[in-house]
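Listed next as structure tokens is one chain, alone, in the form predicted on its own.
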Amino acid sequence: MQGYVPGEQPAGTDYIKLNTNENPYPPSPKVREAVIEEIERIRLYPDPMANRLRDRVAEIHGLARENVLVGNGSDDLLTMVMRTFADQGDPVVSPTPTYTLYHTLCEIQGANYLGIPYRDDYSFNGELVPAKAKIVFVANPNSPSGTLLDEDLLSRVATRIAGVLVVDEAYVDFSRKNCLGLLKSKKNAIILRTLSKSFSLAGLRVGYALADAGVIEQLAKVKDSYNVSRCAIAGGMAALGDIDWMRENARTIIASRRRLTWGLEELGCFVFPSESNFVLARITNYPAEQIYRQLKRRNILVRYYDIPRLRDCLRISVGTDAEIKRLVIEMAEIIGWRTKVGSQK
């Protein structure tokens, strides 16, 4: 097998990094204060269940502690789901193209991965999901497309399958909708969230799962003993205690997303409607891979996927307005496109 390949993390600091969907703005100042204070206690193991953080998450979502499990980022929770619900040879499903870690985890577990293609507009026919599926992974909003599926569609998928539906809401704070309503009616629904994107904690690694208490109980059996560090628990507590800070950053990013979309469309790109902190742009007038490589030479990183349906696309994270302006100007120069992007507001 081939392992999952994350987006490039360059050693230098002189890059404009628009390739891994990191937040261009810092976390709440309260996070720094909490982490510094916790350093005095790092000789001690953390709470293995991160119960203080579970309680805060539960309070935010109107749930009980028993409905929450905390992970070392949401990727840690995806691994727990795979360990818990899929044996060797079991069918595991997701729409494609999507987050490729789902496929990698299947290979590690020996499960049988079935990717069901999205339609060209990234809508999805849930009737194609086999009833015998043990796990269905749905990134919503999806990566790399940034598009969103309705809760009603996902509810029907949860009803028709024998196993669990995992709705990976890593980017939901940049979206108009979420799928938390599934928890009220579907005991086989698991909602995953991360503090990496909207809360600007990608380097701290904090995520959580929301589900029926019986599901959480099973997931907890297979997690690593001390999977979330003391500093991550403290930082997560502080970040969730200052949600207004996150929401203000999210509003700024959504506004910048509109400007990025406009600039790319001015260059002749087709941009899929995004509900996340990135956009997927189909390049219609120049080889996408060449743009990716030439941007990298100019110290601008974007994400290119050398796989079917995405070879003519670039996934571009929403940076600051200054970074977006620089990206669009450089792309215009690469493809020789005369545009008014230099004066965009």
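Throughout, we count residues from 1 along the sequence that is shown. Predicted model only: the values in this text are computed from it and were never measured.
One more form of this protein should be noted, the form predicted together with a further copy of the same chain, which is absent from this view; the next part is about it.
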Problem - Non-hydrogen atom contact R193 with a further copy of the same chain in the predicted complex at 4.5 angstroms - result: no
Handout entry: Exercise: D87 in contact with a further copy of the same chain in the predicted complex, heavy atom 4.5 Å
Key = yes
Problem - Proximity of K134 to a further copy of the same chain in the predicted complex, heavy atoms at 4.5 Å - result: no
Exercise for the section: Classify R119 as contacting or not contacting a further copy of the same chain in the predicted complex by the rule of any non-hydrogen atom within 4.5 angstroms, answering yes or no. Expected result: no
Exercise for the section: Using heavy atoms only and a 4.5 Å cut-off, decide whether all three of R282, I307 and D312 touch a further copy of the same chain in the predicted complex. Expected result: no
Practice task
Please pick, from A58, I291, V35, I300, the one residue with any non-hydrogen atom lying within 4.5 angstroms of a further copy of the same chain in the predicted complex.
Solution key: V35
Handout entry: Location of a further copy of the same chain contact in the predicted complex, chosen stretch of 179-187, 197-205, 257-265, 154-162 [non-hydrogen atom, 4.5 Å]
Key = 197-205
Exercise for the section: Check each residue of 231-248 against a further copy of the same chain in the predicted complex and list those with a heavy atom within 4.5 Å, in sequence order. Expected result: C231
